[in-house]
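The data below hold one chain only, encoded as structure tokens and taken in the form predicted alone.
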Amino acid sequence: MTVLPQLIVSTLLLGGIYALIAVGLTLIFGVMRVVNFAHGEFLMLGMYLALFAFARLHFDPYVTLVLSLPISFAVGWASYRGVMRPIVHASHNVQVFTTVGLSIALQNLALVLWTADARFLRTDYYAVVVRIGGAAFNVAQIVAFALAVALTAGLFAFMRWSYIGKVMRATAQDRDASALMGIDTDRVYAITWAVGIACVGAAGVLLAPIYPVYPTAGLQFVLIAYVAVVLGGLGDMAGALIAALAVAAVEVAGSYTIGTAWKEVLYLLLFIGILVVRPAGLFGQRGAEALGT
């Protein structure tokens, strides 16, 4: 029996979640020109939120997703006001050190609150396997993929057709001109940061039933997000989406042919190879100055 259907399905299921993480990261960079090195820690907080709601409140993780969006948005808004707002116009060095410091602080906060032990969220349907054609996958993966795609599509629609989305795109293209036209750029930055954190927080909830939860759990996923964002072209949401699927394809195919221990090596080699040919990324000309336009 051919393994191609299984590899394709696994790529799509994994790539859909990677895309949700990556588009939130590229949204923040595209509008604010800030690389959020604490992105993985906000994903980790989303995973712990799902774990807490399941263990203490007996909420299904995908029901918790409804709660995670406003909670993550509020956390994002508060972290912008308290941490990012003072440095959003500072040098890139200050921004990098600030977000790295935020990352370390959140990791250690999680370590103090929940210890370093890996925890597992196992629902009744975790081990339920669905077979279609030559592919097999569990229900948790299907639901996570479907919800991740729906949220990603919703974000694209929000950016394309809503008034706030248009304002965010205008600010991304020219901050000074937007301010002269009466746009409150500080409020736009707060919304942008909060929406990006809501995306990655939702991704954390979706990943919690599939992967173990521990204080540094976000690092493995955010590394992939960084690769996807740079490959797609900094600030280009469509490019990040395509690059996330490409990274997932390399990871799945490499894990099957060589072994799971080599998956990071393979997508980093892809990362280096594409940047050698196209230093600006796959959609670098557009992504450098526009946000998915």
Partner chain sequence: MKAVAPAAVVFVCAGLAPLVVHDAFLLDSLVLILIWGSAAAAWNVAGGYAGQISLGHSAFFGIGAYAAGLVVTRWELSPWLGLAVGALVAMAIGLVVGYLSNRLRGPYFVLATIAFSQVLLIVGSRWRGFTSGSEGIPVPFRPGFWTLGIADKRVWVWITLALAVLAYLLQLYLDRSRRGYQLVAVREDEDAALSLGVPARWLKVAAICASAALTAACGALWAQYIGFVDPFYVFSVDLSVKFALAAIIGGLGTALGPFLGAALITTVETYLRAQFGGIGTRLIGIYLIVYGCALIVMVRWVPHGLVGWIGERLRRRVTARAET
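Numbering follows the first chain given and starts at 1. The model shown is predicted, which means the values in this text are computed figures rather than measured ones. By rigid core we mean the largest C-alpha set that fits within 1.5 Å across both forms.
Separately, the form predicted in complex with its partner chain exists; it is not shown, and the next lines address it.
P212 falls outside the set of residues with a heavy atom inside 4.5 Å of its partner chain in the predicted complex. Proximity of G154 to its partner chain in the predicted complex: non-hydrogen atoms within 4.5 Å are absent; the residue sits far from the partner. Its partner chain in the predicted complex is not approached by Y256, whose heavy atoms all lie more than 4.5 angstroms from it. Shown alone here, F37 lies within 4.5 Å of its partner chain in the predicted complex, counting heavy atoms only. Put simply, of A135, I183, V83, A190 only one has a heavy atom within 4.5 Å of its partner chain in the predicted complex, and it is V83. Note on contacts: among V94, A150, I164, V128, the single residue with a heavy atom within 4.5 Å of its partner chain in the predicted complex is V94. Per the 4.5 Å heavy atom criterion, its partner chain in the predicted complex is contacted by stretch 112 to 120, the sole one of 73 to 81, 112 to 120, 195 to 203, 166 to 174. Annotation for 231 to 245: the only interface residue with its partner chain in the predicted complex is L234 [heavy atom within 4.5 Å].
Positional change of L12 between this form and the one not shown stays under 2 Å at the C-alpha, relative to the superposed core.
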